[in-house]
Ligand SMILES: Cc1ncc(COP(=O)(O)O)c(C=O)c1O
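There is one chain below, alone, in structure tokens, taken in the form predicted alone.
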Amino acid sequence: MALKSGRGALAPPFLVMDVIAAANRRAASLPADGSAFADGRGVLRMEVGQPGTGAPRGAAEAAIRALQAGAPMGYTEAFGLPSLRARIAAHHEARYGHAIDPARIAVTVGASGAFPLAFLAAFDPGDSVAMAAPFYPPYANILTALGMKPVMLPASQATRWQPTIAMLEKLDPLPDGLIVASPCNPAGTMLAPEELEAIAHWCHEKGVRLVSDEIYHGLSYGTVAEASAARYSPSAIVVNSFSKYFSMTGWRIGWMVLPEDLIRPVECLAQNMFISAPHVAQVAAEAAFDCVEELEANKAAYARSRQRLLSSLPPLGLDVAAADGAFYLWLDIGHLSNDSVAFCAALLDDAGIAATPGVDFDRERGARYFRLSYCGPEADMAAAPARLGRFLAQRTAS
């Protein structure tokens, strides 16, 4: 008798992870003397949202001091160290002018660990959860694995790749939940504060649970102001992380701001599923709040890379979405290819640029888009336009 498979077998792959593996293989195949490409550089890693800088020095030093002092580094409370939760609450109030009780804050194993907790606490199997397409793939993949139904809202340049209330009101029945991300991945666009406020109020009034992904907060470039859904709705769930602005991806540390009714359900789930976030990562995360000068220097480098790419890619015939925040560009290649997987594979093989095909983010229209991340070393990002230009010229010629 054949063994059965569980619901987890229904989750599609997160294709960017396959691109990372392919980029690693391509890098390993290159000669060590840097002669593979005209600029003398190796593979340009633009496929994943991993900052090229490590954790801020003050965060790493705090972890080192704790380890050298022989701190036990055992389990913490399921929601994290009280001192870290208090620091997150203070950060939230300073950034958004909105006080949050630390009891509503849950420290998580990255934002990736927060989403299953949020979905399990807020939704039941069979519930529908809407999101704008293109979207961050694990939203839909986690929901699918948990027996919930992702519902796509086909956003466009006209809506700046963000959802609108008009899109939501066309759904019948209304969804049980809505995920918003501002800045969003993959397009980097943002909801204006008044737009987020209107969506948050609409969701609360209609009984639609709002999940606001705010992990790219701190990484916006002055075109749209940042706002938190927690300020506008008592029922919203906010997910944030130390991975992006704080440059701590591998430390696996994030947080949620929870509505009152979900505090205990999420705590029970966290106790059973994760016990707690890594103690040493929590120590480092608390210290990261004191590293503003270094973090802002990182952001300034991203801003320079962003501006360089925004000015140099359109002349190559690439249509780029407005990149208000995060560190991504969403590019339309429909005039060049209707197979973004093959396009990105050729881009890696021929030009040494690792990029993510759009089908990872939009299953219906993503074959004509791809995503570039510009959070890698600034010199590598500066080399990208010339390589892209040569690659596109060769494709046109052939």
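The first residue of the shown sequence is 1; numbering continues from there. Just so we're clear, the structure is a prediction, and the values are computed from it rather than from any experiment.
FYI, the form predicted together with this ligand isn't displayed, but the following is about it.
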* Could you tell me which one of Tyr139, Phe289, Tyr232, Trp161 places a heavy atom within 4.5 Å of this ligand in the predicted complex? => Tyr139
* Asked: Which pick from Ser220, Ser276, Ser243, Asn298 sits with a heavy atom within 4.5 Å of this ligand in the predicted complex?
  -> Ser243
* Give a yes/no on whether Leu117 approaches this ligand to within 4.5 Å in the predicted complex, heavy atoms considered. => no
* Should Phe79 be classed as touching this ligand in the predicted complex when contacts are defined as heavy atoms within 4.5 Å? -> no
* Interface membership of Ser112, this ligand in the predicted complex, 4.5 Å heavy atom rule -> yes
* Within a 4.5 Å heavy atom cut-off, is Val238 in contact with this ligand in the predicted complex? -> no
* Segment assignment from 68-76, 290-298, 189-197, 104-112: heavy atom within 4.5 Å of this ligand in the predicted complex -> 104-112
* Asked: Which residues within 203-238 place at least one heavy atom within 4.5 Å of this ligand in the predicted complex?
  -> Asp213, Ile215, Tyr216
